[in-house]
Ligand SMILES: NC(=O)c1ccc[n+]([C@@H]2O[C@H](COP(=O)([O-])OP(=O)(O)OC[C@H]3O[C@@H](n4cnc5c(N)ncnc54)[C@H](OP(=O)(O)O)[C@@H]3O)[C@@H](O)[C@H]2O)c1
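Shown next as structure tokens: one chain only, the form predicted alone.
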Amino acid sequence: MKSVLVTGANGQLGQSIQKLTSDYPQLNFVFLSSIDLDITDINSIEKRLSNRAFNYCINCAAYTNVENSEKEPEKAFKVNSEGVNNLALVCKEQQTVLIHISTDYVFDGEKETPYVVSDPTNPINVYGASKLMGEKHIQESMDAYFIIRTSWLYSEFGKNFYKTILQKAREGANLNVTDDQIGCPTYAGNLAKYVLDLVARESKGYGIRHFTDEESLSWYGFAEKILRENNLSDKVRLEKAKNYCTFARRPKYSVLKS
């Protein structure tokens, strides 16, 4: 039986993986939240992964607040870069395959066709830069790894765009949503299944991969779809936001080719 450690287990993807464990009886899981395991503490990682206890480590731990990353870059880099480097070093030593989740924000959004794995990276915000640095640490330290870039995650867990739109719509609020950014909304449950299938099949095609639900939408288009799927289109006014501005720059087109 393969042993699998899941870090950041209380996040969207971590909880989505937990929801699917019964579908993979051949895998033995250990789920650790950021409180249970701080990946910025290499000593803590060494204790958890000692004696080759795990065949795989699925790293769902990340600092994901894009806006706050601009204001507190040291926090973003500490988790997304330094913490990932710690995991990579220990996983290599323990012969544990690392599966790390990365982001479409490693690209600048200037391309007009979907990004492939081999496209040059060029992040335009701190969050993207910190995630790219984490990728590089893994590539420099390890041979047995998967880096899976994904985008616009949503689920029934935690805070995300889907749940926010749904809540505001049910409260009867008018919605103003930008159409200046194009990406691929991705259900975390689908990503979780993709990751667990890699483990169950003992895949050896190591390296970087892209995974999304493949339908490219603007945030406005995504909001339209959410309202339509929940029969709320006629009950809420949805308008395109004018002069939409955020503290962190976002890539205007970050569609990933799966």
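One rule holds for the numbers: they count along the sequence shown, beginning at 1. Keep in mind the model is a prediction, meaning the values are calculated, not measured.
Unshown form predicted in complex with this ligand; subsequent notes refer to it.
Exercise for review: Indicate whether Leu37 is a 4.5 Å heavy atom neighbour of this ligand in the model of the complex.
Suggested key: Because a heavy atom of Leu37 falls inside 4.5 Å of this ligand in the model of the complex, the answer is yes.
**Study point:** Partner proximity in the model of the complex: Ile101 to this ligand, non-hydrogen atom cutoff 4.5 Å
**Key:** Because a heavy atom of Ile101 falls inside 4.5 Å of this ligand in the model of the complex, the answer is yes.
Review point. In the model of the complex, does Ala192 have a heavy atom within 4.5 Å of this ligand?
Key: Because no heavy atom of Ala192 falls inside 4.5 Å of this ligand in the model of the complex, the answer is no.
Review point. Would Pro251 count as touching this ligand in the model of the complex under a 4.5 Å heavy atom rule?
Key: No - in the model of the complex, heavy atoms of Pro251 and this ligand never come within 4.5 Å of each other.
Review point. Thinking of this ligand in the model of the complex, which stretch from 50-58, 227-235, 202-210, 37-45 has heavy atoms inside 4.5 Å of it?
Key: Going through the listed ranges, the match is 37-45.
Point to revise | Full three-residue contact with this ligand in the model of the complex, heavy atom 4.5 Å, for Gly109, Ile182 and Tyr220 | key: No.
Check your understanding: Listed by sequence position, which residues of 120-141 have a non-hydrogen atom within 4.5 angstroms of this ligand in the model of the complex?
Key -> Contacts from 120-141: Tyr127, Lys131.
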